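Quick heads-up: it's one chain on its own, the form predicted alone, in structure tokens.
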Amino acid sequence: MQFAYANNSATVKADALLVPVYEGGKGLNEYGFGAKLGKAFKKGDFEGKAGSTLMLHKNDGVAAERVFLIGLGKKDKTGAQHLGEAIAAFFRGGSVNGYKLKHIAVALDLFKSVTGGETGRWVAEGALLGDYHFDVLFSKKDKKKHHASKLTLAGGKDAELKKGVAYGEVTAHYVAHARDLVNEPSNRINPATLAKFAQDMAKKVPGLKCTILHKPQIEKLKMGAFLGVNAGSDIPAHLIVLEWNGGKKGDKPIAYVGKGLTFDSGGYDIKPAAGMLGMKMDMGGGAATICALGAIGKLKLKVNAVGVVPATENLINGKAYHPGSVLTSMSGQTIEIGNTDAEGRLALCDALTYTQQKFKPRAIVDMATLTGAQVVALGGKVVGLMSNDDKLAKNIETAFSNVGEEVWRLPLPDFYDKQLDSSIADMSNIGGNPGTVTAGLFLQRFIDKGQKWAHLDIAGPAMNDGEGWRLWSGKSATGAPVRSLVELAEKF
């Protein structure tokens, strides 16, 4: 999509002009032609609720062929973020396709007091992510699916606006990459092809380094937990490592660790058919980690950052680990397998140990589609956050809020930690209810003393079905939380 700029929204000759308005028509006076659009509110045809759209046929004083009112919601609860969400809703809503709109303009008169960079970023992200469509696997491309080729931002601050748009183009690009990886079926994205994607991506970003550790190297590191999960698969485990050194030499990096289970059958504690169907998406944390590092490098953020992804499948064969097996992790701690379907934490715990020993990060954030209990507790739109450091947790909450993603902090109490104790090993890999919290407590056992750490359970948000318009997806992967990870790295 090409982005262009204009000073006057009324004079842009486009197929459609989007006019953002608050509930009740508040803000229409900011547009020179606003009074003529007020009839829609007076007649009750349009209320301005968030995500709503109305096309107006007669538009005197506007050069665009069509005018679409797009709702922002209540005035005291909206801003540039909600402008982006309203634009995303418009692009997903069918009007672009139905009217074959090629050139779309958005009137920004209402946002002149908002920082141009912020506005530009939200407009770009909203348009590009709202227009996302995963169609690479159709033998015949859907000719009915139409994409706009040009978006003109009219009435804003040009210099700052362009910088914001450039930023938003990058973040949207890598969110789309993450969506693609998670949407791809597991016969196309496996540990080897996921590693190749990371390598190819890094080659396109100057200064971004990608290293792949293969099974012999993983064995040498004694990652017994990670290798235990991989034992049932014919495709060897891969440890994907990405490094970006944009900060001062010697500064400790911020580290992201993402679960890379490209398919999870549950192992010998096999999932039911319905539960297994979506398990191509169990590498959402790994996809987010890889793509966040790509965006951080592409934006040339002045921070040192690393990303580590343990990539494997969890399958069944004669070599697969059993319920009751005891695995020895890279940290030396032993783990009794109470359930082979609690495999993500086994891959993550060795990756956490490796990351701490190799990079000594100032903060480490892991993310995983880890527990069904997260979806029960917080649904499909809110990430579960657990952390041993209040300041890090607050920074993560702020980063999520800044980009419009949702997160909620959960506790890590000692009395639940005891549920992980085993009678024959240092711990069990399951601790009972509450399952999301005990999974976080399991991972915390592999965090060194003094190491700042946070865990993000993204099971619902990474694989949301698209019912929440704020997530900007269409019944597929969301790419969460790539944008939040980039925002967090930038603040660091």
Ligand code: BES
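Source: prediction; values computed, not measured. Counting begins at 1, following the sequence as shown.
Below: the form predicted in complex with the ligand, not depicted.
Residue in contact with the ligand in the predicted complex (any heavy atom within 4.5 Å), chosen from Asp264, Asp131, Glu125, Asp350: Asp264. This chain is displayed alone, yet in the predicted complex one of Arg179, Lys280, Arg121, Arg345 has a heavy atom within 4.5 Å of the ligand; that residue is Arg345. Mapping the unseen interface onto this chain, Ala459 counts among the residues with a heavy atom inside 4.5 Å of the ligand in the predicted complex. None of the heavy atoms of Gln81 is located within 4.5 Å of the ligand in the predicted complex. Among heavy atoms of Gly372, some come within 4.5 Å of the ligand in the predicted complex. The closest heavy atom approach of Lys271 to the ligand in the predicted complex falls within 4.5 Å. Proximity to the ligand in the predicted complex, taken as heavy atoms within 4.5 Å, picks out 372-380 from the listed stretches 194-202, 372-380, 82-90, 410-418. Counting a residue when any of its non-hydrogen atoms is within 4.5 Å of the ligand in the predicted complex, the one hit in 417-454 is Ile430.
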